[in-house]
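Let's start with one chain on its own, the form predicted alone, as structure tokens.
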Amino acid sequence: MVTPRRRLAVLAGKATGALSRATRRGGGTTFPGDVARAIDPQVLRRLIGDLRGGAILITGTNGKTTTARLVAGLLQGMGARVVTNRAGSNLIYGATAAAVAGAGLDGRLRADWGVFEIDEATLPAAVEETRPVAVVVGNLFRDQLDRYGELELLARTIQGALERLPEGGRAVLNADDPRVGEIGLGLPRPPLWYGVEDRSVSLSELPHAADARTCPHCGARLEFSAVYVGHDGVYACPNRDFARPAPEVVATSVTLDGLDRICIEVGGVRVEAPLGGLYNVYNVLAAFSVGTVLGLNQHFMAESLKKAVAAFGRQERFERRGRRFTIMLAKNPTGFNEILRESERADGRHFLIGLNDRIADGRDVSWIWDVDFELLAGRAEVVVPSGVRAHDMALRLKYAEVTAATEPEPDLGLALDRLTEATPEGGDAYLLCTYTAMLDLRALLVQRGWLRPYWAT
């Protein structure tokens, strides 16, 4: 039964979203949720109750948006109706706004499944309100310490949320991340573990900025026999107190084809996706694991993933003025280092680096000193530091001896013009930005008619 209060909350939220888009004050991805919840604090819980399949949550530091999009694509490929916060508003208000947008004027949510990316610290509330059938925890890297605190605290928060999963709800966890491994081994019901097993794409030792180095039980330094992304790899405590859980869904025979394609083998099935980078192998594998929990056919999933599309700002590519541009979100040391390595594999030489320090980015930008910008030294032909903290970035590039770095240009529009002029016709230009710098840059590109608004992608 739809109560008058619930219907009013949905109508008010939908009106707010329409007004937000009409006045170009935003995409209506968050504020409608605030309005709806102010009228009916239980509106999300009530709307989720209309789903025939249930809710699926994706959390973790990196890859939430891409993984959520991949999971939604799998379900839509079956003909299911899916409601999702595809624009990346991942607090409880964003999930509520997405559910409100998917509801009819009668206040009922017209969908089979809900797929929501969820901020790590918001996971307890999201689990409580959505009662999910599956929760993915992709990774835990150091990110926004002024907001989240250390990884151990965040891991305990997530573990507490997973311990309260409803009967039948399943955790889907990355076995290669030691902090995620610690979470899963403490759960009352066994999770589904996934991981990578191809030493040909691994490093032999941890990068200097790796976060999870020690055993959570005895404090001994973990021993890694393979390192894939950041501190994700094959690890064990020398005192045998802790080790990587054996993954049930495993990616083998990993092939990386620049930013154009990845190919893995999972249980004898060849899985391709038009995405680049080893970090996207984990995103594809996470989506495949969710499908496994839901009982989807493996060959169907492989065919569906071939049609994947990059989320906005995450390897989003376009051509203008005879140049090819790629926007890549880079919001913490691990993510930035992986993006720099991928650009190195692609022989990238022309860069704009946008650094902001707003609330959504984290006020503390000292993390840029843990990024290996030295990878650009001697290779890059031009690097334009931009964004609110452009001068901080310019200083970091100077210490990295990136002689191609130009004078800082805080104005993203002028920085983009400078990069475009410096990139030869037919060349590739990379736009590496923190979260709000990426949003600012995309808004500028939309104004210029180069891209569509992010809520329409």
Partner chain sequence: MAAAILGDVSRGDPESLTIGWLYPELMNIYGDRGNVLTLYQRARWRGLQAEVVDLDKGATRAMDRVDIFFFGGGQDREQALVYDDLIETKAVPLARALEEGAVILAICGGYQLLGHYYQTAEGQRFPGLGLLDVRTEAGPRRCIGDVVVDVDPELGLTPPTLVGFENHSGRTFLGSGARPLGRVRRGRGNNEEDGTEGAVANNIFGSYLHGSLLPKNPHLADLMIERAKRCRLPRLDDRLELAAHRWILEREAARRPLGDARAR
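Predicted model, so just to flag it, every value in this text is computed and none were measured. Positions refer to the first chain, counted from 1.
Although not depicted, the form predicted together with the partner chain is the subject of the following passage.
The candidate spot formed by G77, K307 and R321 is out of contact with the partner chain in the predicted complex: none of the three has a heavy atom within 4.5 Å.
Heavy atoms within 4.5 Å of the partner chain in the predicted complex are found in exactly one of 288-296, 341-349, 382-390, 193-201, that being 382-390. For the candidate set T252, S366, T255, N239, a heavy atom within 4.5 Å of the partner chain in the predicted complex is found for exactly one residue, namely S366.
Among R261, R213, R189, R270, the residue placing a heavy atom within 4.5 Å of the partner chain in the predicted complex is R213. The shortest heavy atom separation between D112 and the partner chain in the predicted complex exceeds 4.5 Å. Shown alone here, I327 lies farther than 4.5 Å from the partner chain in the predicted complex, counting heavy atoms only.
Although the partner is absent here, G219 lies within 4.5 Å of the partner chain in the predicted complex, judged by heavy atoms. For the chain shown alone, L151 is a contact residue for the partner chain in the predicted complex, at least one non-hydrogen atom being within 4.5 angstroms. Of all the residues from 63-78, none has a non-hydrogen atom no more than 4.5 Å from the partner chain in the predicted complex.
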